[in-house]
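Single chain ahead, written as structure tokens, the form predicted on its own.
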């Protein structure tokens, strides 16, 4: 089976205050580190970059300019893919995802499901709130049925195309397949698979790299 990887690095860094995906991390940038690990399963890696990007491609086979939303950015990459059986979508801001995790989501799709995502169980109590000047607690949720999810996420290419053809927007691609009723499995995620979103996250990542 031919696997293509899309590494999404089109964020504008508004919450972080800079384009965190292109900061140096050891000998490479954050995005380049994510591109390198994606190659463990993919014969082609596409990097989705912000408008105005003038870098060297971070080691990807080619770059594609992103859109106004994450979903649009992924769609911009999908339309450039010719022949692929499985597509892996990975956030560039998760440079510590392991090769084992990439293989786990791809293997699950090879076994016959439409998609697979890494997930972590919750250890904290989870409550639903009504937001305002203060947060009023509405209810406590059953955390045994809840997980947080990460990338890389793997999908059958035809199912992912069908999901994105609806032009919906979501914080991850699995949500678009869920709307269609496609079977998406969760595989064990990794606590070390940190997503760089805030300066505090960067401090954790920088410490981990030492």
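Since the model is a prediction, treat every value here as computed from it, not as a measurement. Residue numbers count along the first chain shown, from 1.
Omitted from view is the form predicted in complex with a small molecule, to which the following refers.
Participant: Can any non-hydrogen atom of residue 70 be found within 4.5 angstroms of the small molecule in the predicted complex?
Facilitator: Yes, residue 70 sits close enough to the small molecule in the predicted complex that at least one of its heavy atoms falls within 4.5 Å.
Participant: Hey, in the predicted complex, is residue 189 touching the small molecule, heavy atoms inside 4.5 Å?
Facilitator: Residue-level check for residue 189: no, no contact with the small molecule.
Participant: Though only this chain appears here, would residue 87 touch the small molecule in the predicted complex if you measure heavy atom gaps against 4.5 Å?
Facilitator: Contact check for residue 87: no, nothing within 4.5 Å of the small molecule in the predicted complex.
Participant: Residue-level question: is residue 105 within 4.5 Å of the small molecule in the predicted complex, judged on heavy atoms?
Facilitator: Looking in the predicted complex, residue contacts with the small molecule do not include residue 105, since no heavy atom lies within 4.5 Å.
Participant: Just to confirm, with a 4.5 Å cut-off on non-hydrogen atoms, which of 97, 109, 93, 78 contacts the small molecule in the predicted complex?
Facilitator: The residue in contact is 93.
Participant: Can you pick the stretch from 97-105, 133-141, 112-120, 70-78 whose heavy atoms fall within 4.5 Å of the small molecule in the predicted complex?
Facilitator: Going through the listed ranges, the match is 70-78.
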